[in-house]
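Below sits a lone chain in C-alpha cells, taken as the form predicted on its own.
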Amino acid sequence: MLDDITRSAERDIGIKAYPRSISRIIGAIKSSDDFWEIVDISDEPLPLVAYVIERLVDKGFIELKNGKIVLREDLEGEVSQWHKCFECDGRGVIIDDFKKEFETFMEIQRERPSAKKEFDQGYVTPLTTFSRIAYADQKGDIRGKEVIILGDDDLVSLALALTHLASRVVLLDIDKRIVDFVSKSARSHGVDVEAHVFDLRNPLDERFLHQFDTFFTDPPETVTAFKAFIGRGLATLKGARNAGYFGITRRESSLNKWRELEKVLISDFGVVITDILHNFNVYVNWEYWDTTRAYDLSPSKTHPKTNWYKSALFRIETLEDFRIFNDPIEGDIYNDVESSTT
C-alpha cells in the first residue's frame, strides 16, 4: 500500500514521495485526529498530507467524522516522541534579558497590520520574533552591527530597535502599511528604524549594497523566490564572515525541495550553512486561512486550533568568495506544486 500511494503521489500531484513519507503521515494520524496537527507532526508538505489522507479514505483505512480524521484500521506508521525542552520550546534560547523590551513590543504589536494574502504574509508569534534576536545575539551578529531586514511582517526591525543592540536597523518591505507602522511605532518609542517601501522582485540599489553585517528575511519557498530573497540579502553584506537568517518550512517544502534550496546556498552562492533549528519559527494562524490552497486541500475544513505552521531557522555565513544575486524577477514567485498558504 505504501509503495502504491508513493508512486501515485508524484504522478497525481507532482510531489516526490517515499514510503517513509506515507509512514510518517500515518503515524501523525495515530497521534491526532486534527488535519492541521497531522501536517505539523508529520513534517511533510501539506498537499502531500491531504493527498495521502484522500487515498486512505478511498481505500477504507480512515474516515472523516465531524471534521476529524479517524483510523478505521490499525495501520503501521512512524510515531515520533517529543523530547524537547519546554522552557525554551526547543529553540535553545530564552529571552529573559529582553523582558522589558518584549513587554513593550507586546503592546505595540496589538495594532499591527493584518496579514495580507497578496504578499504571502503570515507573521510569527512575538516570542519567535524575540527568540530570533536572542539567537542572533548569541551568535555575535547583533551587538554594534548594522542589520537589514528584507520583508518584515514579523516586525523584527522594531523589536531589534527596542533592544538598542544594533548600531543601525534598516527595513525594506513591499507593504506600505508595515513600513508606516514600524516608522510610527519606532518614533513614538524613541528608537530608530530606517524603513523603506521596496519590492524585492526589483534589484537593490546602491544605498543597500555591501552596507550591512547581518540580514534577516523570510522568503516564499519557491526556488525562484528563495534565490531572489537570499541573493539580495547576500548583496547587502559587507564581505566575508557576515551572517544571514531565514526560515524554510516542511509544510511547503519537501526534502527534495530542501536539497534544491541548499544547492542554491552552497553551489550558487558559495555560503556555509552553520545552523538549522527545527521548528524554531512558529506562525500565528493568519486571518485569510480559509481562502488559501491549504484550506481547499484540507479534508476537514476545520479552523486550526493550534499554531501548526512552523519553519526551521537557518543561519548562513559568507566566505571570501561568496556570490550574490541581484537580477530582476518577473512573474509569480509565490506558487509551486508544494505551496499551500497562498
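Here the structure is a predicted model, which means the values were calculated and not measured. For every residue, the number given is its place in the sequence shown, counted from 1.
Unshown form predicted together with another copy of the chain; subsequent notes refer to it.
- In the predicted bound form, another copy of the chain sits beyond 4.5 Å of every heavy atom of residue 212.
- Although the partner is absent here, residue 80 lies within 4.5 Å of another copy of the chain in the predicted bound form, judged by heavy atoms.
- Shown alone here, residue 44 lies within 4.5 Å of another copy of the chain in the predicted bound form, counting heavy atoms only.
- Looking at residue 145, you'd find a heavy atom of it within 4.5 angstroms of another copy of the chain in the predicted bound form.
- Picking from 100 to 108, 128 to 136, 175 to 183, 219 to 227 the stretch near another copy of the chain in the predicted bound form, with a 4.5 Å limit on heavy atoms, gives 128 to 136.
- Only one of 57, 277, 297, 282 lies close to another copy of the chain in the predicted bound form, with a heavy atom inside 4.5 Å, and it is 277.
- In the predicted bound form, 315, 317, 319, 320, 321 are the residues of 310 to 327 with at least one heavy atom within 4.5 Å of another copy of the chain, listed from first to last.
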